[in-house]
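A lone chain, given as structure tokens: the form predicted on its own.
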Amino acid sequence: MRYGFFPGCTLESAAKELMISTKKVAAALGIELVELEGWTCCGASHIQDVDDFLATSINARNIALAEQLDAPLLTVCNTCTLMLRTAKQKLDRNEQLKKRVNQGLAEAGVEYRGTVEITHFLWVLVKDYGLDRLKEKVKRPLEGLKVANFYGCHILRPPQIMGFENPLNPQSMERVAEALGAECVDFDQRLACCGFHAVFPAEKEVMKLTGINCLSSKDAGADCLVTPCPLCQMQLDMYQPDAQRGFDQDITVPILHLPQLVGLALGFEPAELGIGRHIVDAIPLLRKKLVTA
């Protein structure tokens, strides 16, 4: 299994632990990730508000780099996936737009053809790799670990662009966690927004939302919250101490990246997966729950 890997800006900076854990898990599963040479920022769901044509063009270029590898394009970020899939849908449905974009891309020596799919690490585990195969790779079943799965907006919506599963009742995260031996807990905020993209214009409201998201999972009995998006992880982990100031109850809950959860079940130690880089320390929990951790 071979994919063109689009890490996105966050993995190069604030979420280096996700880069570490993604590469380790992919290698352990036999998934080859070839990082796109010369990739650029996807625009992070904001650029289209300033220049929609530019947003389409830069992501057409990113996709074209994967086309040069003749491999599907894989990301580990919900927002990157949405931006790339949005550009692909626009280009594949509008020949005039595609022609205009390619005129600009020609100056960089690339051409968008529309020949590769854009996928997410979560989707690859479920659809391409397969959960039965994943179960066979588990060396340390996550028995006794209660997980709250937090999807994030952009991996589900808009469904006409993302389209992997029912956005009102997704099950992919639960299926992966259960394949790893973990117990999934249901909680009110499972499909809520993390607030990342609104943290600056609406900081007060987003801090309240962050606290509610964390408290909801904790009240449901979760040991940790797991998300497939680095932006969700950043919002819920980095801003958790700030959000706590608005709550009398203790909202503290560790926030893990999906590849980290997979990596723990594959037998990696928390430090190998970059878990020690988190703001909310998950190491004590994992030492308690996972005998060999």
Partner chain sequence: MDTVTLRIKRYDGVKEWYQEYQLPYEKGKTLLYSLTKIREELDPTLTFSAACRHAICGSCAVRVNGNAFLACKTSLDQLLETFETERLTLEPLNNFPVIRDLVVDWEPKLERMKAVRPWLIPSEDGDPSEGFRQSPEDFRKIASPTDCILCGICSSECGQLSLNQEGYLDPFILNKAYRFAVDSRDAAPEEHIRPALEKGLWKCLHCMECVTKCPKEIDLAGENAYLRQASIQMGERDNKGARHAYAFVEDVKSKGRLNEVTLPMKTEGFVSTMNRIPFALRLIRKGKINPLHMPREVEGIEGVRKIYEHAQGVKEP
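Positions refer to the first chain, counted from 1. Owing to the predicted nature of the structure, the values given are computational and were not obtained by experimental measurement.
There is also a form predicted in complex with its partner chain; it is not shown, and the following applies to it.
- For the chain shown alone, E107 is a contact residue for its partner chain in the predicted complex, at least one non-hydrogen atom being within 4.5 angstroms.
- When contacts are judged by a 4.5 Å heavy atom cut-off, R100 counts as touching its partner chain in the predicted complex.
- The closest heavy atom approach of D52 to its partner chain in the predicted complex falls within 4.5 Å.
- Not displayed here, its partner chain is kept clear of G30 by more than 4.5 Å at the level of heavy atoms in the predicted complex.
- Residues within 4.5 angstroms of its partner chain in the predicted complex, judged by any non-hydrogen atom, belong to 149-157 and to none of the other stretches in 70-78, 126-134, 173-181, 149-157.
- Judged against its partner chain in the predicted complex with a 4.5 angstroms heavy atom cut-off, the residues E143, P228 and Q249 are out of contact without exception.
- Residues of 35-57 lying near its partner chain in the predicted complex, listed in sequence order, are E37, G38, W39, T40, C41, G43, A44, S45, H46, I47, Q48, D49, V50, D51, D52, F53, L54, T56, S57, the criterion being any heavy atom within 4.5 Å.
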